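Next up: just one chain, as structure tokens, the form predicted alone.
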Amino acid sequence: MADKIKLFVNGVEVEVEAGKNLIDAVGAVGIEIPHLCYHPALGADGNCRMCLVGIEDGRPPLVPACKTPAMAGMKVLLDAAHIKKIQHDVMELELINHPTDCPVCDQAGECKLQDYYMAFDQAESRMNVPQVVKGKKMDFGAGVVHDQERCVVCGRCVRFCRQITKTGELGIINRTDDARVNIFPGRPLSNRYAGNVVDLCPVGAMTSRDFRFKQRVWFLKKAPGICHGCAKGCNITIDHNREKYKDDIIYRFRPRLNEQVNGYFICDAGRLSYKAENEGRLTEARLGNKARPIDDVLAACTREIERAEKIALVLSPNCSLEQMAAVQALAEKLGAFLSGYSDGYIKPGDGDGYLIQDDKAANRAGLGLLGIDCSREAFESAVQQAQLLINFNNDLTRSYKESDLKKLLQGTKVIAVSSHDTPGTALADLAIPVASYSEYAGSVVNCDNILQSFAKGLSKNNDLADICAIAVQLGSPLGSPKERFALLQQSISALKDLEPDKIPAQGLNLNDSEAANVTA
């Protein structure tokens, strides 16, 4: 645990973490120091001057909080008259040429300039000359649209492209009123994390072409989630809204801070993967190619299970640990072979050593922890011998060409338990729709062996059952979350003395936990 020190803020003693700057130190105890250019992942730039604070009995008496380390006994002034005047003057400078287009700005409702105006300014403009004209709707590439006249030249986006992606597409050109953020000639944003500049922008200057004018942010409900786009398991915020007479729809994924996993950022592919949660969904149970009531299809599945002498089951590497446990128990009860074969989810060479992984599955590590066979040979052998294959959300068309998959499944009945209507689902004799990962709660283990739990993010007008519930209806003996977690505790020693609701919000590092359980 980090060392603690005591200092004074506006005469009140507070205990903060040593080694942090004033913004982060006092921010951790709920005291905000206004700032525009500083960001914890990008360091201090010191160019906005919004964070100037007073240091009583200090030399100098005024310091930028972003560049000033917290020190024991320091007396920080935030509400003194001269500090308030500095904040007011900085706000006036930022607003001199800023357009009053909040009603049409995507950032309205989560804009720091709006927040700070209400907190530190609320004054009418004293400008009596025309505003400086700057560019609008500038295509910066990678889905980023820039509005220069809203820009406060904080430089966050520039530093992100230099320090994080190291691609350097953005720069600040010219000086004073002519200062602009711009791309270099012929070099648009082309890195795989470009969408993060939209999140980093404290105002509405950087906007997402994908999200522009789709929703007002104050209508959006926010739910924490885990991205299932690859094995990194980045933490995300799921922004969704249910408009009147319509279904609940996801409008965007945004990064959610987890210093143990993804820090402050996510990749663009993960950011846009929300679309797959809205589109291409399997919403009706099918018998052959005809939609039928779910109870009828489940009854038909039960008959097929009773009729088959040999059964094979295959799991998606995106299934949660709880779903894997429920299906594993079903396989044991049926005496069936269970496979996690899913080589098609791996794209060799696609990872970048930062957040993006070759493996596009969220929980392949879970298959290993539960001892589920993932070899191609064993899977194909089991399918060829089986009269029935039950597929739990594994998109086999990623691993096989459609013609090869048809050949493999020839003579084998297929039950598809799927969240999406894929070409592979179309080949199934029976299809059962299930919830996708934003619609149920569960746990996954990422590529760094960190176990993370996520809650149900949104509810549909007609909620679909998740794989656990369908597995129970097909005969799995694990009928409750408690029973499924008990099975996981047998396979994962780190969970042995842990309750499901006690898994840390930042995730449980199984590497550390396993090491702690090793006896010399």
Partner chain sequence: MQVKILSAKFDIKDANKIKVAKKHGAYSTLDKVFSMPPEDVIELVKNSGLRGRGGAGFPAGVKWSFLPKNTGKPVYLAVNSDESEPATFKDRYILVKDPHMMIEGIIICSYAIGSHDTYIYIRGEYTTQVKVLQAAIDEAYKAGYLGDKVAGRDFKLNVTVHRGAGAYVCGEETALLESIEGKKGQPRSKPPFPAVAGLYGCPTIINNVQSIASLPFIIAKGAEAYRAYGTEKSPGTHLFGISGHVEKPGMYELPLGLPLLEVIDKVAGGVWKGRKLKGVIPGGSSTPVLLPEEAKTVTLDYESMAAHKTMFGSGGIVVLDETVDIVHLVKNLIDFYHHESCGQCTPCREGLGWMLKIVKKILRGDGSMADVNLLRELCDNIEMKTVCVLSAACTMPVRSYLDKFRHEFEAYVAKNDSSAAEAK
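Keep in mind that what you see is a predicted model, and the values were worked out from it rather than measured. Positions refer to the first chain, counted from 1.
Another form, the form predicted together with its partner chain, is not on view; read the next lines as being about it.
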query: Any non-hydrogen atom of residue 46 within 4.5 angstroms of its partner chain in the predicted bound form; finding: yes
query: Contact label in the predicted bound form: residue 495 to its partner chain, heavy atom within 4.5 Å; finding: no
query: Residue 172 within 4.5 Å of its partner chain in the predicted bound form, heavy atoms; finding: yes
query: Exercise: residue 332 in contact with its partner chain in the predicted bound form, heavy atom 4.5 Å; finding: no
query: Partner-proximal stretch of 396 to 404, 80 to 88, 441 to 449, 240 to 248 relative to its partner chain in the predicted bound form, 4.5 angstroms, heavy atom; finding: 80 to 88
query: Sole residue of 147, 199, 94, 277 within 4.5 Å of its partner chain in the predicted bound form, by heavy atom; finding: 94
query: In the predicted bound form, the one of 288, 130, 348, 293 near its partner chain [non-hydrogen atom within 4.5 angstroms]; finding: 130
query: Every residue of 52, 67 and 152 near its partner chain in the predicted bound form, heavy atom within 4.5 Å; finding: yes
